[in-house]
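Heads up, the chain below is alone and in the form predicted on its own; it's given as structure tokens.
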């Protein structure tokens, strides 16, 4: 059987894998993206989720040439309001404090995937393979043999972006650890009677954080964290009952919730691979780690991995072999601090705001007030959540709209 030769094979053509492929659209070697979603007669199911793209990620998409298309569907976030239900602490972040038109933008996942997919199909040096990766074996020191639907591909580098709970990373010998939060995120979109243009909300409740992100019109994307045991009940209850539960948790800042779109849910856990790189292998996105959705950091962190890896592969260090150990170790080292700090920040928020002991409640609300009243603390938090903190490759990207 003839073995097709590629410099880089990306396993997974979702939002992260497609972004990496587009970042390699001018790479001088050959790139293949392997995913079953490329069959026109077998479209992927509609994703009801939305993604908050921070300013750093917007800069990456601008550099990839897809931001003009995404902007058509994107709702800007001009301010973020953070509060603790039933307590005194609150903080507000505003784009104008950073001379920006927006802190980030909200895009429905299916729109984002559609724009990325169209750009991917138009990229001349990228081969789309409608298949699934079944196995990987070493082909000596210079390449891997990647088996896709029984046919072998040869890859000098395999980038795995195939999701959080797949078995491919495990088959590669790249094990991960998992700590369940015993929570689920229920996602949908709602219509409100008093929309406040450009304002996103993160409201911490006894059950977990509730995020409302502005969409176009009077709609908001909802990410509602609940106990895992309530997941099925909230998915199966009538819209009116769900909206009543959401109204009780969030309050009346946006008026009454009058309509509800399709609901979905996923279990929440903190997972991370023991090693992100190995011989001619690298994990990116959810294949490397999954975070709690609080503060919307997971996808944006993955895109910072994409930016760093693509920069190295384009020859920033003069390395010609895309799977060279020196290159992969440089990638892991450059990303170590940002990954560690972002994981720690999201986990701390979940733990601190999930604790109902009075001293912890008082401390976290004082912390919110301090963030609101002390500019250096607020600016540190804002720049980190915008993806422009220390160690971020997005700081090297231009800020053109």
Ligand SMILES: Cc1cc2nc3c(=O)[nH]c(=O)nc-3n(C[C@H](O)[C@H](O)[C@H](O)COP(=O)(O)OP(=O)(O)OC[C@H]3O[C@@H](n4cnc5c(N)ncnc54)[C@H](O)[C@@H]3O)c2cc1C
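Positions refer to the first chain, counted from 1. The structure displayed is predicted, hence computed values, not measured ones.
What follows is about the form predicted in complex with this ligand, which we do not show.
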Exercise: residue 11 in contact with this ligand in the predicted bound form, heavy atom 4.5 Å: yes
Check residue 334 for me: does it contact this ligand in the predicted bound form (non-hydrogen atoms, 4.5 angstroms)? no
Taking this ligand as it sits in the predicted bound form, is residue 181 near enough to touch it, meaning that at least one heavy atom pair lies within 4.5 angstroms? no
Classify residue 80 as contacting or not contacting this ligand in the predicted bound form by the rule of any non-hydrogen atom within 4.5 angstroms, answering yes or no. no
Given a 4.5 Å cut-off on heavy atoms, tell me which of 50-58, 339-347, 22-30, 64-72 is the interface stretch with this ligand in the predicted bound form. 50-58
132, 161 and 300: each with a heavy atom within 4.5 Å of this ligand in the predicted bound form? yes
Listed residue (322, 214, 208, 293) with a non-hydrogen atom within 4.5 angstroms of this ligand in the predicted bound form: 293
Considering non-hydrogen atoms and a 4.5 Å limit, which listed residue (119, 199, 246, 223) is close to this ligand in the predicted bound form? 223
With this ligand taken in the predicted bound form, which residues across 5-35 come within 4.5 angstroms through any non-hydrogen atom? 11, 12, 13, 14, 15, 16, 17, 34, 35
